[in-house]
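In structure tokens, one chain follows: the form predicted on its own.
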């Protein structure tokens, strides 16, 4: 049984194949290949684009989506594997997943990081438990460790702007925020760009380095594909050499929730002066939501080089492509 909760489930070749299929779907919508299929969307964390884009992906391909939200109309869930359930949590995650898997043809799960420890979050305990206990394929809608659909949509947007990603210089650039944020989105951009052979620069202040295990995996995939991965700590470094920037805030290294982020590193905000340093064909990405005039200046969002809406729309097509793969429906 196939699952897609991390990029390693498909590998570099699979990432390239899914993006190419997504571009085909975008050019000419296929017939209703998901007719009779039901995707259960199981949210353990909030969502806007992910929720709607998965629903639209199913509906446009002739299928159906059922939304289940923890904390809204269902029993309080216990997620600890060895818990003695003598408090307020009525149902265990394992039973909930087992039941939901009987109701649909695949289970899409969203669960955020705890922000207590990078090593713990990289183990991806909640989504891993769903994989272990689901009787049907599981696809991630973001986990503690990765957000594969977002990474695929990001790189699809880059390819639409620049063609072949092999050897293309792209930057994953940290931005300030009022609170620590998870690392799943930057992990997935880094891993997907590396898997496709990009030359990736990770720019972040000292103390905000991404986990070494993720960097090592990205460097290995990049090496195989003709790319590389480097890190810098200067907000303006190499801006004039990039074809694309993915802007994202994330928490500090190690124990991100303990780091006093608010009010720090304001000079990392993406503003018009910084954008002027970049090549004229360089595009700007952000997964959304974003805090205007904290992460990115409001006027920059109006630039034709800002592709946040293309990026969000491409989620529909990469998710249709991923679900085709999950169900073995490739033409």
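Everything numeric in this text was worked out from a predicted model, so none of it was measured. Numbering follows the first chain given and starts at 1.
Omitted here: the form predicted in complex with a small molecule. The next part is about that form.
- Contact with the small molecule in the predicted complex, judged as any non-hydrogen atom within 4.5 angstroms, is confined among 266 to 274, 56 to 64, 285 to 293, 25 to 33 to 285 to 293.
- Though the partner is left out of this view, residue 150 does reach within 4.5 Å of the small molecule in the predicted complex, counting heavy atoms only.
- In the predicted complex, the small molecule lies within 4.5 Å of some heavy atom of residue 47.
- Using a 4.5 angstroms limit between non-hydrogen atoms, residue 110 touches the small molecule in the predicted complex.
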